[in-house]
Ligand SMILES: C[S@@+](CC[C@H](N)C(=O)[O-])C[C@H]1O[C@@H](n2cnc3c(N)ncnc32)[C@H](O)[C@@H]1O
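Just one chain is shown here, as C-alpha cells, and it is the form predicted on its own.
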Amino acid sequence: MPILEWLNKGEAIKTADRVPYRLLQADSELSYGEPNGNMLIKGDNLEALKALLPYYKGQVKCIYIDPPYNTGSAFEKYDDNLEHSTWLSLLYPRLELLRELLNENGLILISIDDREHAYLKVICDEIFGRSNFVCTFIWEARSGQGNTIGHIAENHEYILCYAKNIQEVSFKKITNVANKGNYSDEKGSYKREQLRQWGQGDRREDRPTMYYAVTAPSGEEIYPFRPDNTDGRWRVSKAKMDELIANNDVDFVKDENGRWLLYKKIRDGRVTYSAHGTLLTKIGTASTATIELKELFLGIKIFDTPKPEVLIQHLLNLVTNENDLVLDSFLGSGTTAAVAHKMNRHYIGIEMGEHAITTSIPRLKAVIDGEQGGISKAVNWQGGGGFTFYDLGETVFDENGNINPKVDFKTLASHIWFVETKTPLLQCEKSPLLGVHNETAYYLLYNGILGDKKVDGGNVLTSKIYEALPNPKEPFSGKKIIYGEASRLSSAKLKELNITFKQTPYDVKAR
C-alpha cells in the first residue's frame, strides 16, 4: 500500500507513545446540569486523548473532527498557517489515538477541503487501513457562488469516512414510504416503477440471468430491450418476477410502438429502505451555521468556520443510537457536543483554546436550558441533562518516573489495567482486585486500599495482606499479578502462589 512521507514523519509516528498520561481534573464551578458522563475537556487534544485512553479505549461509537485545514481560513485558536509537514505531524498521532478510542463497530468522520484532502486520505489509509475506507462525502458548504478561489467558485468541502472495522459497522438506511399513486386496482392505489433496466451499462451480457422471457396477458413472450433495440435486462430475478405477477403487482402496458413495457406496482404506504448517498446537499451550509451561532450569542460572530447542526445530526445518525458515545477532539464552537446532547448521545468534547470557556460552555448551558435553535424543533428538544468540565492536570508520573502524589487509587488502577490489558477499566470498585483478564487476576495495593494492615498502610505484600485479598468471583486457577510498594514474600512463596509481583513505581509503565 502506498504511504506518504514527509519531513519528521518518524518523530510523528513516535509522538503518541511519548505523550505522558495526565490527570483529568473536574471543575464543579464550570460544570452544569446533571452529571451524566458527558465531558468537556480544556487542554491540548493530544494529551487529552492520551488521558482518556485508559478509560475509553474501544468505547467510542462515532468520532467527528473538523481539524485546521492548513489554509489560513480556519479558527484562530489553532495555527492554521502550519508548514505542510508540520500539519501532517500534528494530525498523525491524534488520528492514531482516535483510532484506539473507536469501538470495533465505530466510525470516524473528518472534515477537510481540497488542499489537504488527498494527503489526509493517504495517512488515514495508513492508520485505519485502506480496507476500512467507507467513502468521501461531498458537502455543499456554500450555496450560490461560494468562495472564489482563483477563477473558480468553491462550493463544497469533503468529509472523509472510515470504519474501525468495516466488517463490524452497521449503517442505518433511509426509510421510504410510498405515497398514494395515480393508479388503482382492487388492492388500492399505486405508483409505477419500470421493471426493465435500459441504461448505458444495463446490457444483457452484463447480467445474463436477468434476461428471460415474461408471458404477457396476450400470450406473447416479452424480453427487456434498450432504446437502441439491443437486449437489456430486467431489474428483478425470474423468481421475483413470477411472484410479483402472481400477486397482481405488475402492470403490462404497450408503448406507442406497440411494445410491451412492464411496471411494478408500488402500493400506497409500502416501506422500502435505501442507503444514504455521498452527496450532501440541502443539509445546511456554512452560512446556516453562522446564523445559528449569532442567534445564540446575540448577533456576535464568534467563530469563523462553524458547521451547521443539521449536518452533524445527519452524520451522527449514520451509525449511532441513543446513549452511544460521540467524541470531537477539535470541538471549536461546540456544535458536535450540542447536537449529540439534543440527540441523547453521550459525548466527549476537547477544545484547547479559550473557546472551551467562552463558547462551548455557554452553548451547552443554553442547550441544557432548552434553547430552540438548530435541530431542536426537529428532535423535539426540551432541555435537560448536563456535562462535567475538566482541565488537564499534572502527569500521572513525575520527571523521575515516580507516581505523582496527587494520583488517587482509581486513576492509578485505570492506568495499570490499561497498560496490562490494553482495555479500559470500566468499573473501579474500592477493592485491590481490579479484575480478571485472559485468566490473569490483577491487584493493586495503593493508598491503603485494604485499610491499615500495617507495613505502610497495606501497600506492601505480606502473608497477612495476601490472605486479605479478595478472590475472583468465578472459579479461578490462573496467575495473579500484584502491584505494590514492596513484597515480603519469598521468591519460592510467590512461585507457589502463582504470583508475579510488580513494584510501584518502578514496574509501572509511564507511557
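These figures come from a predicted structure and were not determined experimentally. Sequential numbering from 1, following the sequence displayed.
The same protein also exists as the form predicted in complex with this ligand; that form is not shown, yet it is the one meant from here on.
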query: One residue of H355, H346, R99, K265 in contact with this ligand, assessed in the predicted complex (non-hydrogen atom, 4.5 angstroms); finding: H355
query: Position in contact with this ligand when the complex is considered in the predicted complex, options K342, K164, H415, R94, heavy atoms within 4.5 Å; finding: R94
query: In the predicted complex, segment of 334 to 342, 168 to 176, 233 to 241, 253 to 261 with a heavy atom within 4.5 Å of this ligand; finding: 334 to 342
query: 4.5 Å heavy atom contact, F330 to this ligand in the predicted complex; finding: yes
query: E34 within 4.5 Å of this ligand in the predicted complex, heavy atoms; finding: no
query: Contact flag, N38 vs this ligand in the predicted complex, heavy atom cut 4.5 Å; finding: no
query: 4.5 Å heavy atom contact, D27 and this ligand in the predicted complex; finding: no
query: Contacts with this ligand in the predicted complex, stretch 35 to 54 (heavy atom within 4.5 Å); finding: G43, D44, N45
